[in-house]
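Here you get one chain, nothing else, as structure tokens; it is the form predicted on its own.
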């Protein structure tokens, strides 16, 4: 009962934290809005100027919604990978998944590939990102069969990321300057420039994937208790592993395609959620991870665009400053535990 009450309290606190994060992002920027302004706008008691309308509805709201969606998606992607490998220090960025996505997106941005279905539109960028993510993870899994030490496997993932980055850099050497600039901006990671079309497409991918992940809470809990226990529950281990990798790749690919590679969210957020809730039950952790991941990215985006305003930092710069110390702390504690 105490654990259930704690989980409920934490979830409510995370909802409040998320709402505060949204409000902070709404009111702050080049043009400030007060809380009274927001209430009047919602109640349609105030007419917005063209500039205010464009800033609120074409810049801030898309950034807020994309931060919310992508932050939660990255958190869950990391949680699924950590469940798969049963290790808290793995994530899509560490295992080379994001680098693989960057490599394949780079193919369509930097080359003159002109197939009709690969025209650098929203769908083709997502497909490229998904294929790159899936192939990078497939390589990690191939090595996982031959490597028993998880630390070695993490190093393998990092090396795969380096290889993918080297391939991208090779294409950059021979690409046009305009395309290089496009890829460079995308690679830095940012929620600026996210359109409502991108958000609509992301909703189609992320919402069903998150719901399916939540529906798999019971099999996930059984898998965490050991393969023997999972088999006694009637879980097909091989099929379940494929499902975990596919769901994780879908989530990370969607984020990488539209916001670029974003580091440390997938590692830090699941771990912080476990620390707060003091439980490993997926049914409780999944909504908590999504809420905390959303708030984490919302606040990171706020700092990215306001600390050195009007200069904007990349989102990965902020998440790295926050997430890297958390990962170091996890690794030190894990080493002590051994």
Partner chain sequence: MRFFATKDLKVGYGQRIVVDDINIDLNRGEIFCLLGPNGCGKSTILKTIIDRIKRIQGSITLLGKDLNSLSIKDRAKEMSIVLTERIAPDMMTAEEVVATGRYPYTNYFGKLTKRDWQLINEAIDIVDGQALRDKEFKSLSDGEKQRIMIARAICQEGDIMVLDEPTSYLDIRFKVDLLNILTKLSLNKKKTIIMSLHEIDLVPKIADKVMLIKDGHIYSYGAPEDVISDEAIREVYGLNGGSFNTTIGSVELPKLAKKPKVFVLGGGGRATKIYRALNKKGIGFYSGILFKNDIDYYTSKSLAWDTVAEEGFVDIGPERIDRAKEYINNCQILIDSGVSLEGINRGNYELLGFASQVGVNILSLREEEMDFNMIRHPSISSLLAQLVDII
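Source: prediction; values computed, not measured. Residue numbers count along the first chain shown, from 1.
Form predicted together with its partner chain: not shown, discussed below.
The stretch that touches its partner chain in the model of the complex, counting heavy atoms within 4.5 Å, is 224-232, out of 69-77, 224-232, 193-201, 248-256. Proximity to its partner chain in the model of the complex, taken as a non-hydrogen atom within 4.5 angstroms, holds for one residue of 58, 46, 36, 278, which is 278. Using a 4.5 Å cutoff between non-hydrogen atoms, residue 173 does not count as a contact of its partner chain in the model of the complex.
Contact check for residue 215: a heavy atom falls within 4.5 Å of its partner chain in the model of the complex.
In the model of the complex, residue 88 approaches its partner chain with a heavy atom inside 4.5 Å.
Remark: residue 152 does not count among the residues lining its partner chain in the model of the complex, judged by a heavy atom distance of 4.5 Å or less. Looking at 282-316, the one residue that comes within 4.5 Å of its partner chain in the model of the complex, counting any heavy atom, is 283.
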